[in-house]
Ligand SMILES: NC(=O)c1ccc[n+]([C@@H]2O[C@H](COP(=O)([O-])OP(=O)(O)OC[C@H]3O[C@@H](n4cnc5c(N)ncnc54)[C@H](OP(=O)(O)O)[C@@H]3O)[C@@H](O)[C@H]2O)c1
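Given next, in structure tokens, is a single chain: the form predicted alone.
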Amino acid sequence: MDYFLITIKYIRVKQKVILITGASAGIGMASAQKLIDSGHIVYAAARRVEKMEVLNKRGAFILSMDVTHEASMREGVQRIIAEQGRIDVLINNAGYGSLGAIEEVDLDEARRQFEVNLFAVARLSQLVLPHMRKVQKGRIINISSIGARVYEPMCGWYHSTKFALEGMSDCMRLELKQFGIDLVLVRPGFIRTEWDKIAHEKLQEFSMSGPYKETANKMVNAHLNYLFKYLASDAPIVADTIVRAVESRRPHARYVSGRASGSFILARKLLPDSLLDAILMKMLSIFGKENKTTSCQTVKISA
């Protein structure tokens, strides 16, 4: 039955050769699984190869890739071209969040976040684009965030990477049209992945004991008591959006995915800064209250 369904999918949607980064967990793994099930040839790339055994068993080609290392990215692209002769779709999914007050976050950490969330996207695109231009078609899908439009305290460096990613992507979209190459942005909202664990670990490291500790505590509790508890979606929701972006004949420039994501972006568009500032700080005050089950100490122990 599964074989029959995949065969029908082959007829409806042309099989594509896809490279997706950050495939060892979360959105990347869920997307790789759904793309395989849709009949595509998927190269799943990540540093933690051992985490991708489930994808290997489902038919993915596994790539050991660190998006901050030039040789690693170059070798991955060369392997795909050698084995398949083309790369139809690049999904730049690898990324992470690192939270803390702008004043307190070490600049080396800030630079690393830009290296992973922005410059790695640019470099891998540079490596793939000559092959797409040669055949005058292709698609690059950059995984952004609603954080490219909205903002929160303690999230300045992360949001900056996503603002920059969208600015770069908009420019690329215009540059690539002449070569028949699409540039698509996907904006997830709050998603239940490893992102929040890593982000809160960094917040604890940089801002839990200094002058911003009150706001940092409220942020952790607001995220865990409310945002990631009630408004977050699971990774397969975003994976469905990514599959649509891959398979659409005429994809949108942007897709929003996840519970309440559209509402956050609409609020940013319609409300003046002063009012939105007041609303965000009021929400932080209400939902950032510490309770018995969610405290900064609890986050530290479970991280």
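Owing to the predicted nature of the structure, the values given are computational and were not obtained by experimental measurement. The first residue of the shown sequence is 1; numbering continues from there.
As for the form predicted in complex with the named molecule, it is not shown, yet the points below apply to it.
The three marked residues, I27, A46 and W195, each reach the named molecule in the predicted complex, with a heavy atom inside 4.5 Å. This chain is drawn without the named molecule; in the predicted complex, the residue among L55, V67, A245, L35 with a heavy atom within 4.5 Å of it is V67. With the partner omitted here, the residue from G100, G138, G76, G189 that has a non-hydrogen atom within 4.5 angstroms of the named molecule in the predicted complex is G189.
In the predicted complex, the named molecule sits within 4.5 Å of a heavy atom of I143. Mapping the unseen interface onto this chain, Y158 counts among the residues with a heavy atom inside 4.5 Å of the named molecule in the predicted complex.
Contact annotation: S207 falls outside 4.5 Å of the named molecule in the predicted complex, judged by heavy atom distances. Residue contact with the named molecule in the predicted complex: S169 places no heavy atom within 4.5 Å of it. Annotated contact segment (heavy atom within 4.5 Å of the named molecule in the predicted complex): 143-151, selected among 175-183, 103-111, 130-138, 143-151.
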